[in-house]
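Heads up, the chain below is alone and in the form predicted on its own; it's given as structure tokens.
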Amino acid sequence: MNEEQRSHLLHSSSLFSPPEGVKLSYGTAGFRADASILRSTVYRVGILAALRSFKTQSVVGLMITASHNKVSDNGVKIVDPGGGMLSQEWEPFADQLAIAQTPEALLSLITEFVEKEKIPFDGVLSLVLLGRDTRPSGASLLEAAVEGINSIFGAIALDLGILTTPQLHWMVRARNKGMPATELAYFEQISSSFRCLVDLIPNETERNKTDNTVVVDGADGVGGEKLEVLKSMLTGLVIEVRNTGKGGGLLNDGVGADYVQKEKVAPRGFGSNDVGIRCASLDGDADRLVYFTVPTNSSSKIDLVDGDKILSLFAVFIKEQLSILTKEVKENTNNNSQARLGVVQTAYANGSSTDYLKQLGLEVIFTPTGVKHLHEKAAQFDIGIYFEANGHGTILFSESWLSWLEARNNELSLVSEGSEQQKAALRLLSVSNLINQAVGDALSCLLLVEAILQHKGWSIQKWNELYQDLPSRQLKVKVVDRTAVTTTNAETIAVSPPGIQEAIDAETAKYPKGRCFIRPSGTEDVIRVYAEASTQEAADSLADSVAKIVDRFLGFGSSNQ
């Protein structure tokens, strides 16, 4: 790093002083906080993005969003060249950048990191694609990100405007694969893939059993805005979008997938006229999706169809197509014909969903909470499906198996075009193009759900009857120090403080079908409690009892204070 670059960095960073007394940490969501204190952090993440692009000699992305958080919050995160999240190896450097108190400390940190990582600058291009959601603070924070990127000589910032988070992930991945990486290309790929799946619906399917209309809550965010564009490109599906952000509603306020999934109530703008209709809800940046139906009794909870049920629907469909595809090639010596299909969940997955998936004969793996853990495990399968109950998830197809599938489809088109095997191959190829393999994407998942429901002739009620959820309850307990709790076994067993897991086990044993675990929040000093039991009353009671155990061991009145 030459003297001119060092001088430029010193001057540029002096314009973005970090807020006093604030210590942010880079996690699954990147950095996230009240928007008013984020300009310095976003500027520094711009530097990080430029360095990451130089290091990988690839295009990276930078997204300004706080997803399902309230409108006054915002955040920033990096999209790695493959379309996934920032490499975990770089997260500590991100934390150090954010808390450096002076321009001199920041420069020293960057210089040391560049030397350690041997980041090349000469003869190498750096390109960062930027996107933001519809938050009012987004434009100002994006300017700070551009300043950060431009503070590194040779780095180029390309502002793509207002996007869903999954769109930016998709575009970064596409750009690095040498494919068209525009918003129009994204819309065209998922709409044409949806159309292919609809065209391949078996003739015997009683389509009249499935209403082809879905009403979508856009969370007053970017997803509703983009869905309005996408729906005009679709045939075979009618989408009515509400809460698009144009009616004066506030982003994520009484709307959105997070609100619907956690509160189990209908979002603003949905009521008695929607009873029995298939409804869906996106979150603020459109990377989560849940479905629901409005009950006949306005005072009762909605019938929620969450991420676990979406995962199960996808698993059923893909398993069926694999069975058709391999029906006559079981003697084939090419082992790739027998795809290894796996499902990845977290401990928050409802126990009934896990039992159902295992009964289907599927391999089910558990990971700690966080998309980065789920994504990594899913990538180890030929076809890996992961979802969190909150509605964030996707399907990953390995490159090697997709190559085999394309070759198999070409072979079938020559010897048995129009056969059930070839149709199954085409369906699987269409799913791989429709689903966003970079990250969970509410828009592409919505289209895949709708295509599968039409294919099977299922109503949302039929879909929801795949299995009966065990009643559950989530609570959080404020504590002095959340790091006092450490866990193992995919966060289901508390290792410390000593004795707390034994107390939880003793309480859980009192309830039929009881299951309960605790884990520290990644962002605030709270311990999260999750409980399941045979009845809602029992689940509530178990959660309350375990919350008291947590308070006894770790609360403000405990000896740990």
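All values derive from a computational prediction rather than experimental measurement. Position 1 is the first residue in the sequence shown; the rest follow in order.
Just so you know, the form predicted together with a small molecule exists too; it's not on screen, but the next bit is about it.
Comment: the small molecule is not present in this chain, but in the predicted complex one of 55, 528, 515, 39 has a heavy atom within 4.5 Å of it, namely 528. 369 is the sole member of 350, 432, 244, 369 with a non-hydrogen atom within 4.5 Å of the small molecule in the predicted complex. Residues with any non-hydrogen atom within 4.5 angstroms of the small molecule in the predicted complex fall in just one of 386-394, 213-221, 148-156, 96-104: 386-394. Proximity of 29, 474 and 524 to the small molecule in the predicted complex is complete: all three residues have a non-hydrogen atom within 4.5 angstroms. Although the partner is absent here, residue 68 is a contact residue: one of its heavy atoms lies within 4.5 angstroms of the small molecule in the predicted complex.
Taking the partner from elsewhere, residue 358 is found to have every heavy atom lying beyond 4.5 Å of the small molecule in the predicted complex. Using a 4.5 Å cutoff between non-hydrogen atoms, residue 169 does not count as a contact of the small molecule in the predicted complex. Although the partner is absent from this view, residue 262 contacts the small molecule in the predicted complex, with a non-hydrogen atom inside 4.5 angstroms.
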